[in-house]
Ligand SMILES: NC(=O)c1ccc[n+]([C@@H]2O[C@H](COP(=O)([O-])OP(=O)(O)OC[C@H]3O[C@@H](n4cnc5c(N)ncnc54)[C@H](OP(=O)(O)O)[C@@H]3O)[C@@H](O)[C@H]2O)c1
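A single chain comes next, written as structure tokens; it is the form predicted on its own.
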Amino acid sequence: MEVVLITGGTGLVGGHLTKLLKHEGFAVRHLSRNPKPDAAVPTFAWDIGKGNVDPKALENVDHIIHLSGAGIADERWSEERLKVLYASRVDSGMLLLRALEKTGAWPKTFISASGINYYGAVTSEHVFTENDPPANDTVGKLTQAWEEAADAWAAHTRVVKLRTSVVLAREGGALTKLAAPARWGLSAPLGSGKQWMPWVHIDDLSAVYVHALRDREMNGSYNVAAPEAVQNRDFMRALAQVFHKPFFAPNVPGFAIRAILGEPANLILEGSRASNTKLAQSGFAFRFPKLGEALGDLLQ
């Protein structure tokens, strides 16, 4: 039985992925600040700030999945908040790398989460592919550093970076926030409503991770976005339809969203399409390729 070590395993994606991996016959371990080595999913201690990792977590590990990362839009991007965002993504990956350098027992695979905002918070008609360069804005620089930390593993093992779009899940994340007003017939486009919203159902995202574990030909970066590209106004209209509510509310002004969120508002008010051709060419097929099907599964 192959052993998978997950950072950020208790988060939204980590929880779903853990269940799927166990169902598929993998043994799963987590790294956490709150160790529970005797739990159903053995959880070992690490402390990114102090640079500590329980060496028992790394024993006989076949694959590492790096999901660790503080919520990117949870708070305004002060200097201190940006330090937290970088540390949770970049420093954490490098901490694991240094820990394994001491043992020399490298896993077969290192898979790192990444963000579709690697290409920046920008609205354009360009469909971004994995060959496009990173953006020079705040989120682009953060995501580039995140991926560079993953690339540091390439001298020792196979590295896959999954540039993830908006994750749709019933338990949390963006969908629960967007669905709340829609349930009351208050769904409305955000800002111009013309920004593109690459998205993925959480079950498909979890399946992509398992696919990347098993397909030894996968290397480098992959955009993870469902085939159906929608703009924000279409997404919000689809939400209204799921709840059988009207869709006539005026657009929520962009300046109001920026006043509340600060610079992270750009992640909501801007967005472009991303090609999933490279992922499809690896043989992955989405279970939820259409937005209506995904929303129906999660909200009805």
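Numbers follow the displayed sequence, beginning with 1. Note that this is a predicted model, so its numbers are computed, not measured.
The form predicted together with this ligand is left out here; the points below concern that form.
The listed set S221, T164, T123, T138 contains one residue whose heavy atoms approach this ligand in the model of the complex to within 4.5 Å, identified as T164. In summary, among the residues A145, V84, A152, L186, the only one with a non-hydrogen atom within 4.5 Å of this ligand in the model of the complex is V84. Exactly one of the stretches 125-133, 189-197, 213-221, 108-116 approaches this ligand in the model of the complex with heavy atoms within 4.5 Å, and it is 108-116. Mapping the unseen interface onto this chain, L67 counts among the residues with a heavy atom inside 4.5 Å of this ligand in the model of the complex. Using a 4.5 angstroms threshold between heavy atoms, T10 counts as touching this ligand in the model of the complex. Although the partner is absent here, S32 lies within 4.5 Å of this ligand in the model of the complex, judged by heavy atoms. For I48, a non-hydrogen atom is located within 4.5 Å of this ligand in the model of the complex, even though that partner is not displayed.
Contacts to this ligand in the model of the complex (heavy atom within 4.5 Å) from stretch 74-91: V84, S88, R89. In the model of the complex, the Cα-Cα separation between T103 and K36 grows by 3 Å or more relative to the displayed conformation.
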